[in-house]
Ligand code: AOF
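Only one chain is given next, in structure tokens, and it is the form predicted alone.
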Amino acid sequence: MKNSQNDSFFMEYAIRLASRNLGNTGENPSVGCVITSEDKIISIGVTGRNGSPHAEYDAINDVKNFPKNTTAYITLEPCSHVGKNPSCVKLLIEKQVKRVVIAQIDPNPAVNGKGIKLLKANGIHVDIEDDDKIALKNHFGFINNVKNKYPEINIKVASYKNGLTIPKKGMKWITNDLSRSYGHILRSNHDAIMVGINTVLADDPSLDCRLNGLEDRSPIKIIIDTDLKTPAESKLVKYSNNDLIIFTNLLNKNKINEFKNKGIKVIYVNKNNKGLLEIKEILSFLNEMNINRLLVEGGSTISNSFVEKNLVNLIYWFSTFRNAGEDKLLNKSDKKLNKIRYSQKFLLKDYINLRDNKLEIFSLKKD
């Protein structure tokens, strides 16, 4: 029943659909679904905001008179169990879908092959493309959370030509407006964004998505603040909407209560032997929160902490063609971070010209 050319076309479309809601589907992965009949698309669907509805429901419920001889192209195995959402397998069976093409098996123990077995038991032909690397990009954070108990971690770096990541005195940004717009797109497709306390003190960032039409896709904000120095008057605190988490090692009850009264989560974390907060504890908490995609945006020290432990999936390195000046030397953390460009651990995956800036995308070399 396979039609390689049509199957590839329709599955690629489903994968593109899934890409639209990355970072916005809560604990669920962003899944795409394309329904066809006689090799013509009759409906499409994608996992909704905060995970509801599932892509299959989104696609099928849009069809008033569901035809026979249909094929469903789904980027991840449909769920067979009932949770916050109803069973997608049950819906596919009820609609008498003839064939289901799945890009990847769901590693979640509640699913993991059970959906496929139920479909087959009810006479539905199933084809599995479980090595689909393009689909894996969309599901990577979800799968990593299930298998390795921590989210997909990507890093954003902005630097001068010589690799310095600290703006010149009196300047707010290193890169141009095109680079910053691309950076906001990254914010929109990640569940959470993380910075260090030094970034908060120096820049007083908002860490939201400020692109027209994507304002409601701002990520959860996370501050790594060992000594709980986050100012109460900072933008992140003043404008928090139950979307700020502070990890700290200092138990200052008065300040913690002040933050908690504003809906801010303050989480105690132990220090490691370098005096920094223990990354494993932080990632364990993010796993429990079902954060699938984390963007680390501020501070070369924090970025290096993740890189050194081989926890980073992608690095988005924005750089200007200008130098900061001969008097500006790289600090120890910047020197470490700049070694990525020549590291055997990372491969240059893509290069994008952004006027007088460039974006290099590095990916972790996997076995």
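Numbering starts at 1 and runs along the sequence shown. Because the structure is predicted, anything quoted here is derived from the model rather than measured.
What comes next is about the form predicted together with the ligand, which is not displayed.
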- Given 147-155, 170-178, 72-80, 116-124, the stretch touching the ligand in the predicted bound form at heavy atoms within 4.5 Å is 72-80
- At 4.5 angstroms, heavy atoms only, are P29, H54 and V111 all close to the ligand in the predicted bound form? yes
- Query: C88, V200, I224, L207: which sits within 4.5 Å of the ligand in the predicted bound form by any heavy atom?
  - Reply: C88
- Task: Could you tell me which one of K84, K253, K260, K274 places a heavy atom within 4.5 Å of the ligand in the predicted bound form?
- Result: K84
- Can D106 be called a contact residue for the ligand in the predicted bound form at 4.5 Å between heavy atoms? yes
- Message: Please determine whether F247 contacts the ligand in the predicted bound form, using a 4.5 Å cut-off between heavy atoms.
- Response: no
